[in-house]
Every structure is written in structure tokens, then in C-alpha cells.
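One chain comes next, on its own, written out as C-alpha cells in the form predicted alone.
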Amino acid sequence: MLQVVQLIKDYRKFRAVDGVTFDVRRGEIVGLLGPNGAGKTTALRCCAGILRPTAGQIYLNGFDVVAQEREAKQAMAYVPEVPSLYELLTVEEHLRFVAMCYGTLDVFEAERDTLLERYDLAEKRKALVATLSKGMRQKLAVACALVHRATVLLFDEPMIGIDPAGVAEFKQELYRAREAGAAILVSTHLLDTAERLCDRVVIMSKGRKVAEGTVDELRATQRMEGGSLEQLFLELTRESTPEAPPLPL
């Protein structure tokens, strides 16, 4: 449902993503892991259609994100690390607006109260977004991502700023979306959470993909039987290829 093929993204003379290929299949949660500066957020923004790739292709449900942007984005939801919300709308108005944009207002009206309760937003339904705490803003952003029943979900550090109860509910929401057949890509630094949450992981370092597979597959390739994802991550990123050279003048 999400296919990334030889993705390259340059910023002037710097190559942030260098020939990365991976996919996320229907009914699967894939973790996108890497140290700071690995290119994870850039790759996610390219997948979401926010950044235009320098080279390579990205397909959402078979639609090219660049050439068929409208069709690709219709079934996609993206939650950035720092959500950009409409501060002069109330919480309920914000959710309704997103549902209207995607033509799923009937779904929202039917599930509004459940969604607000699930993310502890019911008491804040009439509050302006500008008055919300960081954690409440993150919860609203996640709720907005799920309000139109997207089939491809992209999350960049979605659990930052959410309390433990909210994290537990968010993970249950991802499991429900996976069971419904969604393809889910989650970028996170929480390796223990990723090990329990994700079906597979893609590990990036210095703009390049250095490993992909299940934790068991990574253990086998690294000959680290019983190793945790944290141990595998540290080993793989320590042995990653040298930093990509700057682009020629």
C-alpha cells in the first residue's frame, strides 16, 4: 500500500535521503528508526507529499505521490512530530473540519463522542486549540489522522508528549487500524515500544537504509541471538556506511 523506490532528497548540496527503498504492506505496522539526522522525517515528509523527492518514486495505494497527488493523499493521514493545527477552531470544530475535507462528515457525526472520549478530548471539545497543552494537541492531531479512516497512516514521533494512558490507547488504535487493513509507518526513538509494536522495522543512518526486517531476522543477520532491538540498532548504526559525500558543485 506504501511503496518507496530509490528515494533521494537533496537540500542544495546536502543529500538527506540517499536511495532508500522499502514498503509497508496492508495490515502491517513498520517502524522507521534511526539516530538524529538519519533522514527519517525527510523520508516521511516525502511520503506525505509535503516535500518533492529529488529522485525516486513513492506510491500510496498505487497512486504516485507526485504525479497523482490528490488521489494519493485521499487515503493517507500524516501526523508530524510538531502538529500544525488551526488554533482559532475548537477541538470539535477541528475534527469536523478535517472530516469535511475528506468527505467523511457522516462518519465523524456517527463516531464523534466515541472519538472524543477515546482521546480524553471530551472535556475540551469546546476549547480553542490555542489553549491546549502540548500533550492535548498531540492527541488532537492523532484523532484528526484517524477521523477519515485512512488506509495509509504516517506518524512522526507520535507518542512524544502523550501521557502513559494516552500512549496505551494510541497503540490500541494502531492495532485496530492494522486489523482493519491499514498500512502504518511509525517513526520513533522509543526502541522498546517499537520492538513490541511493529511487525517489521526499517533502520536508517546518514540518509541510507542500513537494515530492514523483523527483529528475529535482524538478530539472525547480525548473529545476535536474544539481542534486543536497542542492541541491534546500536550495532547496525555503528557499522553503517560512511556519511554520503556532499553533492558536486
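In this text, all values refer to a predicted model and were calculated from it rather than measured experimentally. Residue numbers here begin at 1 and follow the sequence given.
This next part talks about the form predicted together with a small molecule, which is not shown.
Asks: Would you kindly say which of 49, 35, 27, 56 lies with a heavy atom within 4.5 Å of the small molecule in the model of the complex?
Replies: Result of the distance check: 35.
Asks: Please identify the residue among 229, 20, 16, 236 with any heavy atom within 4.5 Å of the small molecule in the model of the complex.
Replies: Only one listed residue qualifies here, and that residue is 16.
Asks: Tell me the stretch among 190-198, 37-45, 58-66, 209-217 that has any heavy atom within 4.5 angstroms of the small molecule in the model of the complex.
Replies: Selected range: 37-45.
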